[in-house]
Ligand code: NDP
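We begin with a single chain expressed as structure tokens, specifically the form predicted alone.
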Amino acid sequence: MPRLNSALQALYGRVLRRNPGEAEFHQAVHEVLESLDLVTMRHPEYLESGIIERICEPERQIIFRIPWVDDSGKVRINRGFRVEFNSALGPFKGGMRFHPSVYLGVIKFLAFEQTFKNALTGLPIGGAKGGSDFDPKGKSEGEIMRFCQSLMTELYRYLGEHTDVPAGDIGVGEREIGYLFGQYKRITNRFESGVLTGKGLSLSGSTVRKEATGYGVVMFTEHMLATRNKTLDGCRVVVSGSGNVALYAIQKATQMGATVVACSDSTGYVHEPKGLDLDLLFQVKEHERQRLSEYARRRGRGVEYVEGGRVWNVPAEVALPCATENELDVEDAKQLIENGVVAVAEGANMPTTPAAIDLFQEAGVLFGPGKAANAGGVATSALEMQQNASRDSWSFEYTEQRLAEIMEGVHERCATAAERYGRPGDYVLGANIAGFMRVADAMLAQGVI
């Protein structure tokens, strides 16, 4: 990792001591601090006021027990988390993740990133994240419902449309949000539709919400390419993952004229040089929740399925990591660069290791960090909050138009900040500086908070 100046290095040391063993959080903080060296040279007041250290400390960290009963009648125990990181710009906002890898360090890193991501949208929302080490895979509908109800029985007291508004994330979709919302309504005796986003349309949800993160990644990529007089039209694209974000990134990239030649899941990847069959892919992954090996079996000749392989070995001009954190490492970056990649945009949160990011930037590859590139999901969640507050419902076309405008604004804020600080085209620097300054200035305006 690049060196920090002495003041920021001392601050980072304090973060490490206060948050031992939380590697993901340490990585996220270090990445932001790297970008602030230039800022503190021009604006020493950010260091003198202590605002940087305050931004690295969550406002509230909630950890709780989640007891639930499985189908055999056995009592199970999971742990729940909600890190309400920063509310300087608005109510806490961020998703809930259900996955065995969840622990405090993961949730804290996600909430820290979410704070700056939300700031980049230009919308009045703070940053938070939550979840549990519960694994929904292999669980029955009844088990998932009972788990969600138990979680909400504890968490509800910390939520509210003006306080903290969760949404979905890995392992949490419309089904889980519906169960969480139903229990919240049951406990509070209020139909407070704005307390959760990512709801189904029957529960005052928003059109475009499930598509938004994937669509937004592709929109951001198109804006990056435009700075070099290129477009997605005619490009080959590889995507890691085949969940919600990946599927809708594949769909939008295809709509914009790209050929998506490969995607992956936890068992391997499929490669189809003429382009993936979207109808079959959605049927297998979204509706049937099966492995990509089943897609390859049904598709037949012309499709290569590589069990345990790395999707980044497939040649393409655009790469979209949409699976999980630190999935794209140095060796993957070398392979992509060798294969002629032009742009990489993160659909997942922090999926690229710091060393891999350095390689991309040294090679002149356009790189869109997750806090900017995948801001479309939370942006549309904020649009859902607007519709709920006004008891309104917008069309798909109008909501997608609003999403496109927001993603254009995110790109503009990142590009402008990078240019202002002497590093045009450095979207990592631009995103960190633009997000930080919006949050920091709001905090300073509110006194010592």
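A quick note: this is a predicted structure, and the numbers were derived from the prediction, not measured. In this text, residue numbers run from 1 along the sequence as written.
What follows is about the form predicted in complex with this ligand, which we do not show.
Here the chain stands alone, but in the model of the complex its contact with this ligand, taken as any heavy atom within 4.5 Å, falls in 165-173 among 200-208, 249-257, 228-236, 165-173.
Residue contact with this ligand in the model of the complex: residue 146 places no heavy atom within 4.5 Å of it.
Of the heavy atoms in residue 287, none are within 4.5 Å of this ligand in the model of the complex.
Shown alone here, residue 139 lies farther than 4.5 Å from this ligand in the model of the complex, counting heavy atoms only. Taking non-hydrogen atoms only, residue 347 approaches this ligand to within 4.5 angstroms in the model of the complex. Looking at this ligand in the model of the complex, residues 117, 241 and 291 each place a heavy atom within 4.5 Å of it.
None of 265, 317, 192, 272 but one reaches within 4.5 angstroms of this ligand in the model of the complex through a heavy atom, and that residue is 265. For the options 99, 185, 223, 299, the residue carrying a heavy atom within 4.5 angstroms of this ligand in the model of the complex is 99.
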